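Next comes just one chain, in structure tokens: the form predicted alone.
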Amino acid sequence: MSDPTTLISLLREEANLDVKSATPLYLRVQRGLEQAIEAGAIAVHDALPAERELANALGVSRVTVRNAVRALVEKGMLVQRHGAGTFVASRVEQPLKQLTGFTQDMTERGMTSTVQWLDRSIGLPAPEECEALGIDSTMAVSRLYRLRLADNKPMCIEHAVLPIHHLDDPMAVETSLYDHLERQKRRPVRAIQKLSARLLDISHAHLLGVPTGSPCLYIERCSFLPNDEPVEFVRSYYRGDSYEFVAELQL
């Protein structure tokens, strides 16, 4: 855990608690906590000092500290574990400039990727799947529904749909779909993604190990072969407290 004395000193400085201001105290404490996290004064997975300890050290009320912490929990910077305390959340940054799979992303970060299969089956496509994949409603598709984990932590839920002529046996995929498609010389080379913010329903929240109504990043992606034929339609729910997508923009 970070040195409490150094942390309190940094919090007081960043929150300007020794200066008169019209800004509400909880916002100033929130800002101080954010700066301390970004500066590395509180490391990922570190526990914050207890609410009472923080309030006494900063000379503010416990309600002020509670409101500041709650705001950072909602932003995904902190995570509260019942009976254990409040911790700095770990987050994975994912650039949006390359088409990579989850297994590759985690391996490049030194994390171990595992999968919990929820369903592997063959069936007929839904209307939105027909539209995304450019197929008619009589063409069978393979479905892969899985929970993706990194270092045993649930990170995202994925539901991938592929035309059966691109994946005739969904049970053949062990962990990485892209590794399997690579061996079949059917790995996609480009994709179109749509991202939006959503709140997790009870079933998705339970799988990801977060409270119902927690924020998530919802992604729809359609991937294409070199000849521009759609090969995969994926809908994913990423934990909002653990994942960030980063895009570099240039003039």
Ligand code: 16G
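The first residue of the sequence shown is number 1, and the count goes up from there. Source: prediction; values computed, not measured.
One more form of this protein exists, namely the form predicted together with the named molecule; it is left out here, but the text below deals with it.
* Asked: in the model of the complex, do 101, 175 and 221 all put a heavy atom within 4.5 Å of the named molecule?
  -> Each of the three qualifies.
* Considering 184, 212, 193, 35, which brings a non-hydrogen atom within 4.5 Å of the named molecule in the model of the complex? -> Comparing distances to the named molecule in the model of the complex, the residue within 4.5 Å is 193.
* Asked: Picking from 121-129, 80-88, 135-143, 175-183, which part of the chain touches the named molecule in the model of the complex when contact means heavy atoms within 4.5 Å?
  -> So the stretch in question is 175-183.
* Asked: With the cut-off set at 4.5 Å between non-hydrogen atoms, does residue 234 touch the named molecule in the model of the complex?
  -> Result yes; residue 234 sits at the interface with the named molecule in the model of the complex.
* Is there a heavy atom of residue 148 lying 4.5 Å or less from a heavy atom of the named molecule in the model of the complex? -> Judged by the heavy-atom cut-off of 4.5 Å, residue 148 is in contact with the named molecule in the model of the complex.
* Does any residue in 29-67 get within 4.5 Å of the named molecule in the model of the complex, counting heavy atoms only, and if so which ones? -> Residues within 4.5 Å: none in this stretch.
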